[in-house]
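One chain follows as structure tokens, the form predicted alone.
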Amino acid sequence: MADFLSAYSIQNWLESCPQGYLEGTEFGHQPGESEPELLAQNKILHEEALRTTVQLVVGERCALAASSGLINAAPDEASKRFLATQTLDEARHVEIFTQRLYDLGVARRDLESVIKQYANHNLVKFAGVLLEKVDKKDFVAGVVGQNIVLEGMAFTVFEMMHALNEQMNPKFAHVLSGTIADERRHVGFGENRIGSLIKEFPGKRPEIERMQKEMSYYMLATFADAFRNNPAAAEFDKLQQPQAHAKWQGVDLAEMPPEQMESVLADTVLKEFKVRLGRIGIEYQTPARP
């Protein structure tokens, strides 16, 4: 418990996050960085940037509601304090991705209508499954859904997006770097705290396994919507420079068609789910493929 208290303390969060990898940044990136002019000039790529960023806002709004909602359901003070830091992390994520929408030209008065227009209905359902557990103050299921499933998905998605944007859009890649560091810490908390609680409440396993399977299906459906029949993919291919690379998971994403990218992303996330759930004593449930 001593290691847990130290690793997930507010003091450790202060030293590693605001005084660490975020020091000197503004909205998660280096001062003066901007979106590439190409996004303003190319209508297809601009719309895809809006659509992608809206999904990030939707996911992070869910994470903010979940982490804040779980604070008073936590069974110990150390978990409450960690979730307080996570709540601020998630609020920052909402803010930086919302700011990206503004940087892409969305007027503040139009923010909610743009989010409503582009929000993926499967991602909204994914969030709904988790927030139902949070509303019921189900701490064990809520933390598994939040810190293992949602954060595990976000961690992998952000890594893939970082690889795709590192050369083409350094500003966005820098924003993603900070969120990846945050998500790594959140996932670690989920694994370290919930394992012992699962042993205390073994009867929770079937319910949590059903939740994981349902959330995983909606996640895969969201990926399918993002990669299949996407006109931006062909546009990226036309603009791709011969020397451009996007190395991730041992492959070059810049050379892959969208359906292969979808498969690599889905397989990577599900593999991580299986490993992390196994560590806390939950049997991974294979979801249907959309």
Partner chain sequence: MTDPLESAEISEKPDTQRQRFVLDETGFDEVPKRFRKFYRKWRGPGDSLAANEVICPVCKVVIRSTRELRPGDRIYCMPCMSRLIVVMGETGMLEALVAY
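Residue numbers count along the first chain shown, from 1. All values derive from a computational prediction rather than experimental measurement.
What comes next is about the form predicted together with the partner chain, which does not appear here.
Is it true that Y21, R185 and R276, all three, sit within 4.5 Å of the partner chain in the predicted complex, judged by heavy atoms? Answer is yes for this spot.
Can you work out whether S6 and the partner chain are in contact in the predicted complex, taking contact to mean some heavy atom pair no more than 4.5 Å apart? S6: contacts the partner chain in the predicted complex.
Check I280 for me: does it contact the partner chain in the predicted complex (non-hydrogen atoms, 4.5 angstroms)? Although the partner chain is absent here, I280 would touch it in the predicted complex, with heavy atoms inside 4.5 Å.
Taking any heavy atom pair closer than or equal to 4.5 Å as contact, tell me whether F82 reaches the partner chain in the predicted complex. Judged by the heavy-atom cut-off of 4.5 Å, F82 is in contact with the partner chain in the predicted complex.
Although the partner isn't part of this model, could you tell me whether E191 comes within 4.5 Å of the partner chain in the predicted complex, counting any heavy atom of the residue? So E191 counts as contacting the partner chain.
In the predicted complex, which of the stretches 204-212, 108-116, 136-144, 177-185 has residues with heavy atoms within 4.5 Å of the partner chain? Heavy atoms within 4.5 Å of the partner chain in the predicted complex occur in 177-185.
Interface residue in the predicted complex among G128, P75, G195, P170, criterion: non-hydrogen atom within 4.5 angstroms of the partner chain: Contact with the partner chain in the predicted complex is made by G195 alone.
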